[in-house]
Each structure stands twice: as structure tokens, then as C-alpha cells.
Ligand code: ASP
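Just the one chain here, laid out as C-alpha cells, in the form predicted on its own.
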Amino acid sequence: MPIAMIVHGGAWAIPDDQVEAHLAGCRAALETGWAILEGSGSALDACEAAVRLMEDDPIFDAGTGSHLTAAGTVELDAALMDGRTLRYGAVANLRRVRNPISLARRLLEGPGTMLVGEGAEQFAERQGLALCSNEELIVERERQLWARWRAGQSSTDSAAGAEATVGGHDTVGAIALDGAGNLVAANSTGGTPFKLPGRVGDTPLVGCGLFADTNSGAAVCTGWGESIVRVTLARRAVELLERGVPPQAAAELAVRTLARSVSGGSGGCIVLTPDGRVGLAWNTRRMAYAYRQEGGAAVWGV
């Protein structure tokens, strides 16, 4: 079976001075995952490793460097889905876990499917994953953005106000096809800027932020989570693949559906098929991405 992998670093109005850092992060994540696939490793291992790297890269809204909530804290969500078994692990509202994707992996292989908040962190401890302080996840860039937003906010929190302050938001994600023919999808996020504490978007919700089925394909989404959830965007993209739509067209149709169905629906979608073909589309200013297919060179862009 061929191997293939695609990653994204978020669909939003990535500022000019952050483009190179986003591209470098996506390329590094792809290289990390590709080395695992090329060494006959599993798609699960490749996706976890790639997303972990992006969680540790403060340029992305995932793990360290994530956007702050309205309360000035970091809350993290992540998910991982195995296309062969349809098992998944999802976690949300984590405040003390540096790499949520690794906790999602433990959950996928363990007793449940989704855990949130304190219960998820207790599970992390039982699994031997070290906890960190919330402060360790905060970077100065996000602290300053939060302070500016806090100084100028009205009495009513609004997504529009967040958009005006930071220009958007993002998520990170990956899909891998391994030599055994398995497809895996993964994603991780710090959520929208200045979100209400406890808010959960599309990222950890199967069928919304991600979906993988080895028989038909996999999709991972990024963008404004509330819009993505309303149209179950990832499942829609895979349904298009099931109907025989080519992957590039499936990604484009999925994003058009998002824009058409929901007022202000914006975001992006990456797709990978069981035979290693990729698709990607977005309706935001930019989306950072990188991909590679067996026999070809790596491709990246925004």
C-alpha cells in the first residue's frame, strides 16, 4: 500500500510576519510523521507525533501558545480517530496537559471515547502523563493580545471583537495513510480567541472536526468551530468521497457548503483517500499546509 500524509496549521488570516513560521511548523510536522510512515510505522503514531510537534510550537493555536479564554487562561481540545476500527479518543477543556493529542491517543486505546476537564486530567495522571501549570502554556504574544482585547471589550463578548483583535484563529491537524492501509485523522486546538471558559468547538467532535474511515477516506477541518459543527463538515467531506467525488473537489465542495449554509461560515478542510490522494480547500485568507505522497516530494504552502 502507498503511504501519504497531510497536515495543516490552521485556516485564518495568518499575518504576513507569521507565514514563514507557520510553513516551517507544518513542514517539520510532516517530516516527523513521514519518517514514521517511511519506517513502516503506524498512521496512529505518525499523526500523534506530527500533532505533538505542532502543539509544542508556540506559533500555532494548540498546546503551548494557544489563544486565551475570556478569563485569561488556556483550555485545550484534541481528538484522534482510527479509520480501521472507527475508535476515537477525544479530550476537551484541558488546562494542565501540555500535549492533549497524546491523552486522546491513550483514551482511544483505553476505556472510553471522550473526557473533559478535571476528569480528563485525572485520567492523564493515571496514564502516567505529567501535568503542567496553565501558566506554562501561555506565551507573551497571547498575553498581550488578551490584554488589548480586555482593555477594549464591550459588555458583551463577541466573535467579531475577537476577529478584529487578532485577525482570526486556527487549529492544527493531520491525516496519515500507513503501509498497512490504515487511515488516521487527528487534530488539536486552543479554541477561538477569548472564548467563554468551558467552550468546546468542532475539534474534539467526531464528524465535525474530524472523521476517518479506511474504506472511504478521512477529513480534518479548521476554522470557526460553531459553523463547522452545524454542518458536520468532516463527515460531509467523507460522504462526498464515498459518492466517488475526487478528493480535491470534495474538499472544495465541503468548504462551499460551510460558507453557503452558515452565515459567516469560514474555515478549511484537508482530505486523504485510501489510495493516497489528497485534497485541501479554504475560504479564509490563508491556510498553512504541507503534504507528501509516496514517490513524490513534499509540498507546502499557505
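So that there is no doubt, residue numbering starts at 1 and follows the sequence shown. Being a predicted model, the structure only gives us computed values, none of them experimental.
One more form of this protein exists, namely the form predicted in complex with ligand ASP; it is left out here, but the text below deals with it.
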- Contact residue in the model of the complex, chosen from 199, 96, 84, 230 - any heavy atom within 4.5 Å of ligand ASP: 199
- Message: Among the candidate stretches 144-152, 85-93, 110-118, 202-210, which one is within 4.5 Å of ligand ASP in the model of the complex when only heavy atoms are counted?
- Response: 202-210
- Flag residue 61 as yes or no: does it have a non-hydrogen atom within 4.5 angstroms of any non-hydrogen atom of ligand ASP in the model of the complex? yes
- Message: When the contact criterion is heavy atoms within 4.5 Å, does residue 194 count as touching ligand ASP in the model of the complex?
- Response: no
- Query: Taking heavy atoms only, is residue 223 within 4.5 angstroms of ligand ASP in the model of the complex?
  - Reply: yes
- Message: For a quick check, can you give me the residues of 170-196 that have a heavy atom within 4.5 Å of ligand ASP in the model of the complex?
- Response: 170, 171, 189, 191, 192
